[in-house]
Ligand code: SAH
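Next up is one chain by itself, shown in structure tokens, the form predicted on its own.
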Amino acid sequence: MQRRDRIPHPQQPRPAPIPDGSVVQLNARATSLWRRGQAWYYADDLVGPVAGAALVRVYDFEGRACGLGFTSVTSKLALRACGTWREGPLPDRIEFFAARLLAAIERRAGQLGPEDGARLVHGEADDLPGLVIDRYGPVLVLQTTAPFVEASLDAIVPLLVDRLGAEAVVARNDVAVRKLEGLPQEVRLLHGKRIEQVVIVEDGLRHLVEPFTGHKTGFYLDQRPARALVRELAKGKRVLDLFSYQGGFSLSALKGGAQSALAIDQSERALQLAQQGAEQNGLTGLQTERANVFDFLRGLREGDRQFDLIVLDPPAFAKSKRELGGALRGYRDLNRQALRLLAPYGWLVTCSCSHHMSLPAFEDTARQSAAGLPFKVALHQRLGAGSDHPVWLSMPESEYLKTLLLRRMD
């Protein structure tokens, strides 16, 4: 008797298509990729077309059950893998999202205090591709980039509100990638009251978050390990915080006893939040300057100003593979200029959040930046995102945040 969780080998007569499109089969090449942990598949990776945006069972080339996936007909990505599932009927939306969301919440149980900030759902790493959820105390901010997830908010939001007691759930769906799925770019309140500003506490330091207007979902939660490192290194130091946004690194440095911190950013509002944060935490020594970082660094090139600790955390320069060449040049230029501003035995914390930039490529760029300088540069430490942003070993792209700690050695 044929098992219910198998479909015939494609060389045998195939059954008529299932009307609801609840089954997708991988071709031979894609089957090999699935076994290696590949998360994304194009239309030519599949045997036959997909019916629309749906939750489906995925079978390999030989008819063996692989797991579940989300399908789409509007972008080049026809299938996103979303983990395994027990045998039996295909789960409905409520059952599926309840299982995945509750598992994600359980994995972060120690990071969900009333004033904590944490990444609650990290897309593929939580078997929920196309969904990101950040929690800022009583406020949840989500982004959806897959049509099936977008159509399932009625199954997602009530569960989150019930389990976490959220006072507000905000959709920050203003990211450009939604265009590829035919989804509108928008920001809207999905539940509760409109909360313009909320405070989270990280290692005793209070940070202001603006869920509706801040960068990304309001704050860079992924840089928690790097902020802790800066705080550890900062005592007595002159700190330069480049691409500072609202001064998370500057505030961490001052909390760690820095002599001074200069925050450079193009956003006047972000610098205002930095000053508010310093006042709220009772910190002194913060200076801010609204400037283009490239222009600011060029302006210091002929001077003799130096810093003991520099943080370089630019936005993603490579948002696609074709932009990688320009990104490499940008990182190389920035890092070289920053290294030249280091005082003897000074530290540089340099970051890349471009997932198209691999860690080896980023390290090679740092080496090129240091070449020919009149001092040696040591690589002391590598960091990534916090534990609430897990990385799949089978998916190197998920390690999007790379941070290097370099030191000028005289």
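Small disclaimer: the values here were computed from a predicted structure and weren't measured. For every residue, the number given is its place in the sequence shown, counted from 1.
As for the form predicted in complex with the ligand, it is not shown, yet the points below apply to it.
Q: Among 171-179, 239-247, 103-111, 69-77, which stretch has residues with heavy atoms no more than 4.5 Å from the ligand in the predicted complex?
A: Selected range: 239-247.
Q: According to a 4.5 angstroms non-hydrogen atom cut-off, is residue 97 in contact with the ligand in the predicted complex?
A: No - in the predicted complex, heavy atoms of residue 97 and the ligand never come within 4.5 Å of each other.
Q: In the predicted complex, is there a heavy atom of the ligand that lies within 4.5 Å of any heavy atom of residue 292, even though the partner is absent here?
A: Within the cut-off, so yes.
Q: Could you tell me if residue 313 has a non-hydrogen atom within 4.5 Å of the ligand in the predicted complex?
A: Although the ligand is absent here, residue 313 would touch it in the predicted complex, with heavy atoms inside 4.5 Å.
Q: Using a 4.5 angstroms cut-off on non-hydrogen atoms, would residue 85 count as touching the ligand in the predicted complex?
A: Residue 85: no, not in contact with the ligand in the predicted complex.
Q: So which of 280, 306, 197, 267 reaches within 4.5 angstroms of the ligand in the predicted complex, heavy atom to heavy atom?
A: Looking at the other structure, the residue within range turns out to be 267.
Q: Note which of 332, 340, 235, 215 lies within 4.5 Å of the ligand in the predicted complex, where distance is taken over heavy atoms; exactly one does.
A: Comparing distances to the ligand in the predicted complex, the residue within 4.5 Å is 215.
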